[in-house]
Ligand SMILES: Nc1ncnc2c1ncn2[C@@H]1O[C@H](COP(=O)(O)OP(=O)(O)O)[C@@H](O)[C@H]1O
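The chain below stands alone and is given in structure tokens; this is the form predicted alone.
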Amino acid sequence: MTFSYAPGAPAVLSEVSAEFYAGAITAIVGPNGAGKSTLLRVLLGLVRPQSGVAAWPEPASVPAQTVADMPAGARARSLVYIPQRLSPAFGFTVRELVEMGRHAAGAGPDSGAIARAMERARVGGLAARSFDELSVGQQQRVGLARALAQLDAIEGPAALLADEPAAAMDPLEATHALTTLLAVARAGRVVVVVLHDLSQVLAFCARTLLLDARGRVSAMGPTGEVLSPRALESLLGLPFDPASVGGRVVTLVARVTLSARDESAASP
């Protein structure tokens, strides 16, 4: 699949081939401008690639469907999206926004399902608050709750795609959010998450798709194999060292060497 935003413009994504499976989280990792968010938009059918397709497989008796050709309602009953930032046009309450997830999936109001989604995302105590009054991290948790409400209303196969869903959260809330997404994956859903924090990728994502700066797939496979120091150095231009706890690599740390001038400038 190849995609650019205008005819004749440079490709944002170039000759991307990938498959995403249920049962585990797949991370999309790469430098800024690599096309990570754009790839999610292609997978959601929000934009159409110039060549190739994104297809959502149906049961064996039904041919795979090109996502961009699916009616919007059908997409909402199969694909769930958590953007980097929710941007509601009006001052909805948290509960109203979470309930919209059920409406997107074509389901009616269900106070029990809405309450469960809010509790899982740890926003139950914010139900009556206006979304505009919340911190960015709290708003991200509302986005998670809305996605959980939508998923709860989908009976068949479904995929959840999230763009930096925990970037503004504190470490405790980020861990809880990603643990919740891991539970969604293990319940049989496809979960694809754009992440920059390598420790989060190593902790929660069994598979990783690595994009280079030109929007090409540099590697895809088990996270421990894809996120090697050599691959990251080649991609980002910095040497990386593994950091281990109990013999298990928990993150990769960029190795930076300061020149004498840099050290002098950094001194108080």
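A residue's number is simply how far along the shown sequence it sits, counting from 1. None of these values were measured; they are calculated from a predicted model.
From this point on, the text means the form predicted together with this ligand, which you will not see here.
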query = Does R207 reach this ligand in the predicted complex if we count a contact as any heavy atom within 4.5 Å?
reply = no
query = Wondering, does T38 line up within 4.5 Å of this ligand in the predicted complex on heavy atoms?
reply = yes
request  = Examine P31 and determine whether its closest non-hydrogen atom to this ligand in the predicted complex is within 4.5 angstroms.
outcome  = yes
key: Contact test in the predicted complex: V16 vs this ligand, heavy atoms, 4.5 Å   = no
key: Which of 198 to 206, 38 to 46, 225 to 233, 66 to 74 sits within 4.5 Å of this ligand in the predicted complex, heavy atom basis   = 38 to 46
ask   = Which of the residues spanning 2 to 18 lie within 4.5 Å of this ligand in the predicted complex, based on heavy atoms?
value = Y5, V12
